[in-house]
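Okay, so here's just one chain, in structure tokens, the form predicted alone.
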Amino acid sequence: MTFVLPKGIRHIPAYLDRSEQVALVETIRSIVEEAPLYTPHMPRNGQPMSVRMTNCGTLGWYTDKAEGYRYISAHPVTSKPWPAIPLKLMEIWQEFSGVEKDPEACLINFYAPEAKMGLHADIDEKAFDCPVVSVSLGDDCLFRVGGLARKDKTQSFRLCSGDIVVIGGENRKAYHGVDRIYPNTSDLLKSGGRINLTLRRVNA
């Protein structure tokens, strides 16, 4: 059966070569030193998510029990402004976003081998004319994408280190998630796991 992604969703495999991946991981490590990883909590029930995260850019995505999903201008633990988005990620945005507006946030998610991300839509932004551009580093994952309603049919495909995914156009609000991580499929990260970087424009 032919595998066809919904309109506006693109998968660009192996975009970053090994040397570019190594350099980007080192850059992310320096960001994490300045803006440490934290565990976000779900709204209402306060359950911790299985991923740890941080951000770079003028805004960072955050969630807690009290106020829920939102963007904030400073790290929730250190209260310091988020580090700037690295030049390499800005270049990726310029190549794949198809818009002139710059991204304001880059969400950095770290997936340990047992982590996953439930089916969700990125709808906390106002700039829905701009896509979400995602970069995978480290272990492979099984990525799931559906339609504009949670009940729509979904399909899953494997993402590898160096891959790019773009979610935009008429399916900018499509539901998507990470079903599982495939441990030991990459030696890019010293202790294993997966890093996902998602570039977003927040304000219209």
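In this text, all values refer to a predicted model and were calculated from it rather than measured experimentally. Quick note: we count residues from 1 along the sequence shown, nothing fancier.
Absent from the display: the form predicted in complex with a small molecule. The rest refers to it.
The contact residue chosen from Ile85, Ile92, Cys130, Leu107 relative to the small molecule in the predicted complex is Leu107, the criterion being a non-hydrogen atom within 4.5 angstroms. Though the small molecule is absent from this view, in the predicted complex it lies within 4.5 Å of a heavy atom of just one residue from Leu59, Val178, Val166, Ile28, which is Val178. Although the partner is absent here, Lys126 is not a contact residue: none of its heavy atoms lies within 4.5 angstroms of the small molecule in the predicted complex.
Although the partner is absent from this view, Asp122 contacts the small molecule in the predicted complex, with a non-hydrogen atom inside 4.5 angstroms. Proximity of Leu159 to the small molecule in the predicted complex: non-hydrogen atoms within 4.5 Å are present.
Contact check for Ala74: no non-hydrogen atom falls within 4.5 Å of the small molecule in the predicted complex.
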